[in-house]
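First, one chain by itself: the form predicted on its own, in structure tokens.
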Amino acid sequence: MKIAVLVSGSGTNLQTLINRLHEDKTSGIDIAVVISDRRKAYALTRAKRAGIPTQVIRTQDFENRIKFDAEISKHIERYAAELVVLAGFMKLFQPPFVRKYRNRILNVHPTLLPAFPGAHPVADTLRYGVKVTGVTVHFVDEDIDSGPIIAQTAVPVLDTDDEERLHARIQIEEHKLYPQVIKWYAQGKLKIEGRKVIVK
């Protein structure tokens, strides 16, 4: 199965997907293209080192977000990607894009959703004082971090944690969970019933 990975930053999750899926010929998963909204995203360097085609599509180059989304869609179709994987992609899609790829867009979020959605989840977690956080992999819908949850892993919040330490421990679990969920998708193991996702 071909996938498109969308990135904005350093690409640590992308690197995990390259190592555990793209370069593992038994996985049946090929990263067909990496798309970034930032020219200087280090994730693009990671993709190029792995021989994966890259595209830079910036919001400022389009008169509105619908046209920005359409350009991304054009490249998803060009590379025949069956699944869209968000790996630190910091843009929200407009409803027409989400409808087009309904239940074909995955995202990973560094909390146990529905707690602490949005752009600063680890800081929000620490500020609130919860004792357990974690990782959520979910389908993307029209709202922020609100799509059907596929899988979660808990991570304890320690009294000595700051944002950097906690995020580092969360990322360890992200790098285990995200490739597994993508494999389940490729193997046809995910069944969606309303908001509930069943792993067959």
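Since we're looking at a predicted model, the values are computed, not measured. Position 1 is the first residue in the sequence shown; the rest follow in order.
There is also a form predicted in complex with glycinamide ribonucleotide; it is not shown, and the following applies to it.
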Exercise for the section: From the candidate stretches 67 to 75, 123 to 131, 81 to 89, 96 to 104, select the single one in contact with glycinamide ribonucleotide in the predicted bound form, where contact means a heavy atom within 4.5 Å. Expected result: 81 to 89
Handout entry: Partner contact for P114 in the predicted bound form: glycinamide ribonucleotide, 4.5 angstroms, heavy atom
Key = no
Handout entry: Proximity of T153 to glycinamide ribonucleotide in the predicted bound form, heavy atoms at 4.5 Å
Key = no
Exercise for the section: Would you please decide whether T12 lies within 4.5 angstroms of glycinamide ribonucleotide in the predicted bound form, comparing each non-hydrogen atom pair? Expected result: yes
Handout entry: in the predicted bound form, Q55 touching glycinamide ribonucleotide (heavy atom, 4.5 Å)
Key = no
Exercise for the section: Could you run down 152 to 178 and flag each residue that has a heavy atom within 4.5 Å of glycinamide ribonucleotide in the predicted bound form? Expected result: H167, Q171, E174
